[in-house]
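Here you get one chain, nothing else, as structure tokens; it is the form predicted on its own.
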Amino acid sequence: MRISARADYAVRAVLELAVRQGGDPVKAETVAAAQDIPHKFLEGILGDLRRAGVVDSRRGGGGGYRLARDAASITVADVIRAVDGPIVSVRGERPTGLSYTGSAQPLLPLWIALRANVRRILEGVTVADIAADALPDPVKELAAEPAAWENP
């Protein structure tokens, strides 16, 4: 499983907006500097997030970006889908669109199970959870397993 730079930057940008929510809109330059994200790259990401309804933007001197809805209603999965599309794909296709024959037939339920588990985690964590440093217990438990930190 690979998390793209776009997805990582998008989650970090949305998190930065969440912790600054309630004030004036936040300029892209401010988010880029705070999270060490290349500004031009971030502008494209923020455009994707705006089109997906995750952030709003305002132009002008007092302009910038803010979350389009409460951080508690934005999941990590929402953010990743906004910039990268489907969370889990096989050769660029959703697992439900695949079919295998012969000895490869058992692969399909494996890919579906993988997708279900990834979705369970990413759809179960909100931007508010991360901003409050309050990850759900199942996520904390998985991250606390020593094997989770090892690279096979």
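All of these numbers come straight from a predicted model, not from anything done at the bench. The first residue of the shown sequence is 1; numbering continues from there.
We do not show the form predicted together with another copy of the chain, though everything after this point is about it.
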Even though the partner isn't displayed, in the model of the complex is A68 close enough to another copy of the chain, meaning a heavy atom within 4.5 Å?
no
Taking another copy of the chain as it sits in the model of the complex, is V26 in contact with it (heavy atom to heavy atom, 4.5 Å or less)?
no
Hey, in the model of the complex, is R120 touching another copy of the chain, heavy atoms inside 4.5 Å?
yes
Heavy atom to heavy atom, is L42 within 4.5 Å of another copy of the chain in the model of the complex?
no
Suppose contact means any heavy atom within 4.5 Å; which members of 45-79 contact another copy of the chain in the model of the complex?
V76
